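Heads up, the chain below is alone and in the form predicted on its own; it's given as structure tokens.
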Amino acid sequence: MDSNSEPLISPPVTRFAPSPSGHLHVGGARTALFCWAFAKGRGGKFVIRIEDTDQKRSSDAASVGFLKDLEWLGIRWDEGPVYNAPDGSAVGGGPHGPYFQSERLDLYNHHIQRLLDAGSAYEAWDSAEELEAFRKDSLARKEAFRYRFRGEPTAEERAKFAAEGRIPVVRFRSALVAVTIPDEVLGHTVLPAGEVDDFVIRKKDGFPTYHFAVVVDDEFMCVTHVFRAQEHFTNTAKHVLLQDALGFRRPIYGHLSIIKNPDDSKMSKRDKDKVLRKAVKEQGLSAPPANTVTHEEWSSWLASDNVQLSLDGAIALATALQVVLPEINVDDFRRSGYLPEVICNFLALNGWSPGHDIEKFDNAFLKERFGLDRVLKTPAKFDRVKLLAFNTDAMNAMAHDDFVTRCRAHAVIFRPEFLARLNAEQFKLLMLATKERSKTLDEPFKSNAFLLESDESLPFKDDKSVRKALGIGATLEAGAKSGLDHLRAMHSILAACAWEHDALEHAAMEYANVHAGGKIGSVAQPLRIAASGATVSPPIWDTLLLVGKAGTLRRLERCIEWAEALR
């Protein structure tokens, strides 16, 4: 089907409906992006709905995290929860709220009662033990377990169940008919009669299940198109049966392929957890490192593979263990310094093809061109190497002022310690000094942590390159000076020097011409080691300006003492 042959419903309304259980997974972000592009490219509306009927998995903080992630990506919604964006604008609201399912219980209960009154639903009082017995019986008969109506309990049985403390669920009475699962991406599929069991539509806690709430909300929020992950494909059979029983419209469905890691494993939030558990095991830790997680959280986490640490706890533990967590959620990529427009570009390519060998495009292009005809049916492979290359290209193409502005915005949220350490002039100097070798917005900070070190505690890296530059252990020709000799001499020269780029370079070059055969590198590299602790830093004169005069002189003194102790 080409984009021109899609069913014409004007204007289209799409929705993205996350459960608030954490930050937005990149797979969910891609779904939201496609829903947004489809609707907005056709003059329609994009709706956000928070599916928080699973009270065990939901939290208010998590729902705000989802909204923040979407807004950062530039995916703004026409209707949905109100969110105050960083630029001061408000996103959301609308005529079909509330947009949190937990606030729509009266509506759900009204339509559940309609089904009960019509005999299309019934109360089921089975205990957990009875349900387990039913499953075992099906297993013994080598049949898939499918719950069916077991008869209406008598008034006496109901009273007995209530006295036992039982609370009934409400189940939908599924018709024993073949069900066509409509899909504009994968093609329509027919499930044989009897495949859909009598599924629960209201739980014991009084909340509707996902299957029921989603059907009611799609109807009353006027949703015309539903795009979601392929894992929901068979759920659609339940939804169309409910829609028919309630007399609701059927939206147009399209199920999107999942996103996988390059090794063909599913890209899961548990990937982070696996990295942390492996590191803890390899390092033989029996207690949490200081300032990471509490002993209670630590014990609970290690006791069960099903328990995961909070995002902040996982980041703190990864920092202490010196391991890098794989980016899985949108917020992970934001923390790592990826650009939102690059993430959107890359996610779009992981499931849709623009054709004509086009790879680089923005959301405006996607909105104009997106159609179901080019949505891919097979799982996408999330190539982080290619993503980093995309981001690097975008960073290199950025104007200097834009680069500084965006790095500052990143630092406000994720690297405030650099803003506290550097004044505005120094911050700009650092950004421009590192722009050419920065692949992400976080690179200027991650690679220059030496600026945050105290002048009294900066560690000096003891490796071959450092020893060679300082002349530690080397045999010198008669009259030749070592890097350490240069440091001793430069200390007094720098102490008398004006702290400006040209003055520093001129003083060092004059010294090098006389004492290092004009080889400025023989002088600059020892200075770099003293100021930064290693052989890699921004251009040396920028590095000295960033460290400051007093800091540089103190670091030179400490480096000289350290190097002399190694000789």
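When you see a residue number, it is the position in the sequence shown, counting from 1. Because the structure is predicted, anything quoted here is derived from the model rather than measured.
This protein has a second form, the form predicted in complex with the RNA, left out of what is shown; the following refers to that one.
Original post:
Quick one: in the predicted bound form, does every one of T189, R374 and P539 get a heavy atom within 4.5 Å of the RNA?
Top reply: Yes, because T189, R374 and P539 each have a heavy atom that approaches the RNA to within 4.5 Å in the predicted bound form.
**OP:** Flag P379 as yes or no: does it have a non-hydrogen atom within 4.5 angstroms of any non-hydrogen atom of the RNA in the predicted bound form?
**Re:** Yes, contact at 4.5 Å.
Original post:
Are any of the heavy atoms in N396 no more than 4.5 Å from a heavy atom of the RNA in the predicted bound form?
Top reply: Contact check for N396: yes, within 4.5 Å of the RNA in the predicted bound form.
**OP:** Would you please decide whether A512 lies within 4.5 angstroms of the RNA in the predicted bound form, comparing each non-hydrogen atom pair?
**Re:** No, A512 is distant from the partner.
Original post:
Should R335 be counted as a contact of the RNA in the predicted bound form, where contact means heavy atoms within 4.5 Å?
Top reply: Because no heavy atom of R335 falls inside 4.5 Å of the RNA in the predicted bound form, the answer is no.
Original post:
Of E359, D401, E417, E164, which one comes within 4.5 Å of the RNA in the predicted bound form, counting heavy atoms only?
Top reply: Going through each option in turn, the one that passes is E359.
**OP:** Could you tell me which one of N350, T224, N448, N329 places a heavy atom within 4.5 Å of the RNA in the predicted bound form?
**Re:** By the 4.5 Å heavy-atom cutoff, the listed residue in contact is N350.
**OP:** Would you mind picking out the stretch of 155 to 163, 382 to 390, 241 to 249, 363 to 371 that comes within 4.5 angstroms of the RNA in the predicted bound form, counting non-hydrogen atoms?
**Re:** That would be stretch 382 to 390.
**OP:** Residue by residue through 226 to 251, tell me which have a non-hydrogen atom within 4.5 angstroms of the RNA in the predicted bound form.
**Re:** Heavy-atom contacts within 4.5 Å come from Q230, E231, H232, F233, T234, N235.
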